[in-house]
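Heads up, the chain below is alone and in the form predicted on its own; it's given as structure tokens.
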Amino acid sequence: MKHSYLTAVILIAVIAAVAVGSQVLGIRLYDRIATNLLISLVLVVGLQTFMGNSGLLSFAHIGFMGLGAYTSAVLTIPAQMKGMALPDLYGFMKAVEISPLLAMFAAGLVAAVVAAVVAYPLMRLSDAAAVITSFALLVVLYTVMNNWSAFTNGPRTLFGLPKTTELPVAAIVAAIVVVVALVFKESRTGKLLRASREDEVAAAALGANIPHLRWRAFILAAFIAGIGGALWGHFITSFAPKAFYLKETFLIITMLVIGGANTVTGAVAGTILVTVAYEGLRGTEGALNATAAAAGQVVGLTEIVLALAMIAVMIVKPGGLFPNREIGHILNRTRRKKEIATP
């Protein structure tokens, strides 16, 4: 457990360094990038709690992010604006207006409840069948968000959310989520779930209720995704259902795969690396389009490079940058080796 404490301290220090460093620079663009990075970190670490411990890829994570964003929006848009932002909203919801903090928690609860209701039968599946059904669940959630006009304004942009997600708020939530993920990993449920990831038959023979273990992890991941969606919604303040579909799903999974899906350290490292690369590539793409250096417009450079980077990482380091051990465990092991080597 000591290495888990050290890991938590190091990762929280990294989060604090991102937030404080951006504040010290005093550049508004860097503040936005850092805030977006920390929101992405919440989502990636949330996905790691399920995918890293169970070994099952989940495409539905971004769908629960969308549920959280829309739940928080409905609960926080000022009553006088709801007539314009959500003209078809149910009458009993038009006067509801609560604080963004409470709405964030409610967003997580709604996402968790939906996950609890729909996911249990899916947790009995493994391998390709589990991946396909999780993608189908993403399609279902996206379709609901795209057509439930009373709650989401349909495919049109929903606006009017109060901007309450500032850099310190995102940093605090990210730090809490990292601690939650590490605690879950070291819990009995987390350990049994990782045992089933390594050998499902052996874990079941020892009495592990594998579908139930996966179900618990899936609910926790959905809860964190819902909170991440609320954070993002109150950062961007206007969005449409297309923000919670394939592009964002690919980006979040890329962050986790490159960093290492089996570790919380990998989730944090992957988020930082991919965000820096993503913003750098977007800037390069914009610069190329603003000059005559390229024949015509450069489109899709960012996505292509990230896809190639993920392929390269999977070939060179299939487990990602931190495949099996947390940073605290690595440092403790290195220190012990030095002590042994020292006469």
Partner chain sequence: MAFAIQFVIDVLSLGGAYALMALGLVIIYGILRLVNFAYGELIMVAGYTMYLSSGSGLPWLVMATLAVGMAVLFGILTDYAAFRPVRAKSVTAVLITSFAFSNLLQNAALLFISPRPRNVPLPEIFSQTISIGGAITPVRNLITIAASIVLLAGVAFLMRKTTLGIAMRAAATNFTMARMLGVPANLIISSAFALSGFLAGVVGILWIGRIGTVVPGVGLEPLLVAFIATVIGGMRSLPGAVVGGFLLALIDTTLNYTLSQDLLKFRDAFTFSLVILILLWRPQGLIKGPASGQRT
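Not measured: the values here are computed from a predicted model. Positions refer to the first chain, counted from 1.
The same protein also exists as the form predicted together with the partner chain; that form is not shown, yet it is the one meant from here on.
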Query raised in the report: According to a 4.5 angstroms non-hydrogen atom cut-off, is residue 31 in contact with the partner chain in the predicted bound form?
Result: no
Query raised in the report: Are any of the heavy atoms in residue 59 no more than 4.5 Å from a heavy atom of the partner chain in the predicted bound form?
Result: yes
Query raised in the report: Does residue 314 make contact with the partner chain in the predicted bound form, using a 4.5 Å heavy atom cut-off?
Result: yes
Query raised in the report: Taking 4.5 angstroms as the cut-off for heavy atoms, does residue 297 touch the partner chain in the predicted bound form?
Result: yes
Requested in this report: Mind telling me which stretch in 202-210, 215-223, 168-176, 129-137 gets its heavy atoms within 4.5 Å of the partner chain in the predicted bound form?
Outcome: 129-137
Query raised in the report: Among 187, 237, 157, 143, which has at least one heavy atom within 4.5 Å of the partner chain in the predicted bound form?
Result: 143
Query - Heavy atom within 4.5 Å of the partner chain in the predicted bound form - the one residue of 191, 124, 163, 94 that qualifies - result: 124
Report task. Verify the flagged residues 27, 278 and 280 against the partner chain in the predicted bound form: is each one within 4.5 Å by a non-hydrogen atom? Result -> no
